[in-house]
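Just one chain follows, in the form predicted alone, and it is written as structure tokens.
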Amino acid sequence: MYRAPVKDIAFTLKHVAGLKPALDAGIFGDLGEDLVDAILAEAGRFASEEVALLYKIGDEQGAVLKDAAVTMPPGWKALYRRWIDGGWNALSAPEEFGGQGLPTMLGVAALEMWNSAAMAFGIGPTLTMGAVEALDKHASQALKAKYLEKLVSGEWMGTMNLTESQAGSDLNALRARAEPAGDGIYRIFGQKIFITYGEHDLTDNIVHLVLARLPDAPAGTRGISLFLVPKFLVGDDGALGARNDVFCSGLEHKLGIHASPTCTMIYGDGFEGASPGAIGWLVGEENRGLACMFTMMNNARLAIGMQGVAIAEMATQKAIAYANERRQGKAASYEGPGMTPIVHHPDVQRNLLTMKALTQIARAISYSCAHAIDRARVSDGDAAHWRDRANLLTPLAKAFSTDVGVEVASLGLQVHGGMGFIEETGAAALYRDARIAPIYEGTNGIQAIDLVARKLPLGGGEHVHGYIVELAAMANSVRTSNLRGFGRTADSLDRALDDLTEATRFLQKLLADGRSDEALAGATPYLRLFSLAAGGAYLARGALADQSRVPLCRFFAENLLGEVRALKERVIGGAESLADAGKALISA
């Protein structure tokens, strides 16, 4: 059973990602450590004692579609009601619309706990929170007044409608259309697939944010607009009116997250006798919808990264518990009677420590990204710096953390041995759930492209090097500290950060020379290289603040950080062989 690691989460927020110095400096007003600790403790209790209890029934029964209506698993509707009554949906939302206005760092820490307890539950509110941010930044005052308060509270939920069958990651191919109908109203026609929580019975209304093209729109992504399309129309008094012409025509049968309804949505098909065309309202400017949607997507990418951290945490907890119970063989270090608990075997220890280290560095990177978002929001003179930092870390937080979720869940299966392959232990379910996270909200390959092509040039190409200097200062602090037990950690960190610098300058030179294909050939190994090097520095920062963390930091530095050197060789020397060998894959 999941137990929220509240102490680890609080430590990482405060002493690794930067929350405590910000609190001490009064950056977040009168928010103090006592309130932070109280929020985290209650979130941990709710996740452990309420959400986690319904995980298994959600996985086994899933969401059910009948007559265009989706019914959630038993107990989930009541759970969601208790969750919004606790104010959790409003944690980081704007105070103007009933939110609590707390830092994003607290919001993502809570997201980690919801997703560890039940990832299929945690993903639903993620989309609502993203819709709140998109509407708050881009919608008209009239739309904000009508929709935001109930979205903030969680009384209504939001969705994000991008994908179509012929247009996955390439939004140039979108065909959904919007026709002006007068008085600021548009009628939406088309089909969207893979829509998370597109239909369910948790709330009375669902607010869809839908990308579509106007009749005179230019081709490509420059001709996409964003529309708000509610399941039920809303009167001026806030009361629900007629059913809109939008419905769910199918649920996907998925590898994991079975309780999360993944819907095919039909717009403008005359549902239940409605006038053809789902009624919607423009969000932002015509043909500028992608900019609006990216506000929501950037929010979602960090949130999906937290799913990777969450699954890794739960898999690690489960594997450590099993390794202490399961007895096999006889280890030299074990002096007790009978067979040895497998936690004493060196190879099992290596797996478990790898799981712990990867989980901690993914958490540190993700929380540091949230910290940058918060600092950009509240800063005056250095807001641009913090926006660049958040933009730089977002692809790392999304891609590396979700890769870690899969990797750690797989290691957890290995620790369980044959029992891991059996559904009763729950290890297999975590692996199934984890596998979607590197795919949705922008595949991890796309995140790597974004990092290299769009984020390395930030600040004239110098922002990333300023960040590496900060990481190097953490490594130097290890070298100059009086703490014992670090072994060769400082040397390993120095080498990794030197390799990161060399790979970064190499890719920046390729981009400057117009050799983008060669640069992108190294994008995915570069993202992992970057994340491991940064993660090692964050582990060092944590170990300097808490000596009990030194052994794990040293293990990572001396056993895992050496991968950075091999990744650098792939970045610098792998493009030509990739291109040559890739020709054999092309059929016509």
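Quick caveat: nothing in here was measured; it's all calculated off a predicted structure. Start at 1 and count along the sequence shown; that's the residue number.
From this point on, the text means the form predicted together with a small molecule, which you will not see here.
Q: Decide if the three candidate residues R81, L148 and N205 all line the small molecule in the predicted bound form, where lining means a heavy atom within 4.5 Å.
A: The answer is no: none of the three residues contacts the partner (heavy atom, 4.5 Å cut-off).
Q: Could you spot which one of R495, R432, K254, R243 gets a heavy atom to within 4.5 Å of the small molecule in the predicted bound form?
A: Result of the distance check: K254.
Q: Exactly one of N476, T264, T221, T443 has a non-hydrogen atom within 4.5 Å of the small molecule in the predicted bound form; which residue is it?
A: Flagged contact: T443.
Q: Give a yes/no on whether F194 approaches the small molecule to within 4.5 Å in the predicted bound form, heavy atoms considered.
A: Result yes; F194 sits at the interface with the small molecule in the predicted bound form.
Q: If you check in the predicted bound form, is N287 within 4.5 Å of the small molecule, heavy atoms only?
A: Answer no; every heavy atom of N287 is more than 4.5 Å from the small molecule in the predicted bound form.
Q: According to a 4.5 angstroms non-hydrogen atom cut-off, is I449 in contact with the small molecule in the predicted bound form?
A: Yes, contact at 4.5 Å.
Q: Taking any heavy atom pair closer than or equal to 4.5 Å as contact, tell me whether S169 reaches the small molecule in the predicted bound form.
A: Contact check for S169: yes, within 4.5 Å of the small molecule in the predicted bound form.
Q: Among 156-164, 378-386, 407-415, 179-187, mark the stretch whose residues have heavy atoms within 4.5 Å of the small molecule in the predicted bound form.
A: Correct option: 156-164.
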